[in-house]
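The chain below stands alone and is given in structure tokens; this is the form predicted on its own.
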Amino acid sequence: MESRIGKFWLGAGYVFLYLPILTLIVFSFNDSKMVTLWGGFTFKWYGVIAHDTEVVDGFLLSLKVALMTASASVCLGMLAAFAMVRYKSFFGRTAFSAHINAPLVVPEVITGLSLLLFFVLCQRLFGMPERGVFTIWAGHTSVGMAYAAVVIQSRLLEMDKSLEEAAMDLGCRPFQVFYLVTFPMIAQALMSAWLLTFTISLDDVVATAFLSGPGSTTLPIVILSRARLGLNPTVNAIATITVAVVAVGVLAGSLWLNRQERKRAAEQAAAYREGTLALAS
């Protein structure tokens, strides 16, 4: 009985989350201009998007910022995670941890407003930077880095440190230990963090609204501005393309992670067999 109730609530949760997305995708092929009235099947709204320079430019800018944000967030998050896991005690560790975790709990509107005031002050003092791609990227990275640090830190806590110590005992330099031992073991966490921060950056609205400037309008801001004027199937088509891009990226990343996990399990099993045979002989 309890199992059936659990399955029911799980199914209800999936329906609540994904039914609106499925409805949006279906109505992106609606021939009628009324988003709630089905008028037949058509692809014309996707053709309209292809000739809409504002949408195309916004999508390309969002993709560019998301790629930059994900890469920078993973690099910075990895450094922060190593500092928190490998160095248990150093001056300012509590403050450092608080600053790393702050973007996870501070409302995004507060983060966006504070970054806006900071960049405005910098522009008054130094004449730069102007609000645009750089400020959007910096704002997204400051938030994405926190998520990446949490994901990578959890993997480092689970990793067996004796493997690194054994590599150093065998003569590996610190960089060789990282490249040959540590990096392969945390590669899955790095990819997970990259996909997470890429998705967060791609659909961010609040911080982007504060940090964007003339000529730097991302796709979520375009969708929001058009939705305020009245929904139409063009907005549904834009959202469908966005969902498709994110879904393909997540699916590809998941397949890669599963493949790497199977490969690592096979290598560990082979190493265990070789060690057992060596001891037996």
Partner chain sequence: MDLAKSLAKNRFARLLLKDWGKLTVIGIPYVFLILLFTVPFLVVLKLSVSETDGIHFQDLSTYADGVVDIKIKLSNYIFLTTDPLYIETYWSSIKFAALNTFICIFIGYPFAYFMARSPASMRPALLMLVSLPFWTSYLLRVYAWKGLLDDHGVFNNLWMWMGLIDEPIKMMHTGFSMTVGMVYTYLPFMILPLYANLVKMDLRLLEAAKDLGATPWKAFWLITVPLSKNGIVAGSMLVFIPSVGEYVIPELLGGPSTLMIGRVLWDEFFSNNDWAMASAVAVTMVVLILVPLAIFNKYQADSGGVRGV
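Between two forms, the rigid core is the largest collection of C-alphas that superpose within 1.5 Å. Just so it is clear, the structure is predicted and the values come from calculations on it, not from any experiment. Numbering follows the first chain given and starts at 1.
Omitted here: the form predicted in complex with its partner chain. The next part is about that form.
The closest non-hydrogen atom of Pro220 lies within 4.5 Å of its partner chain in the predicted complex. In the predicted complex, Ser254 approaches its partner chain with a heavy atom inside 4.5 Å. Within 4.5 Å of any heavy atom of its partner chain in the predicted complex lies no heavy atom of Glu130. The closest non-hydrogen atom of Ser216 lies beyond 4.5 Å of its partner chain in the predicted complex. None of Val48, Val56, Leu67, Leu224 but one reaches within 4.5 angstroms of its partner chain in the predicted complex through a heavy atom, and that residue is Leu224.
Residues of 200 to 220 lying near its partner chain in the predicted complex, listed in sequence order, are Asp203, Val205, Val206, Ala209, Phe210, Pro220, the criterion being any heavy atom within 4.5 Å. Annotation for Phe29: C-alpha shift under 2 angstroms between the shown form and the other one, rigid core superposed. Pro20 is not among the residues whose C-alpha shifts by 2 Å or more between the shown form and the other one once the rigid core is aligned; its shift stays under 2 Å.
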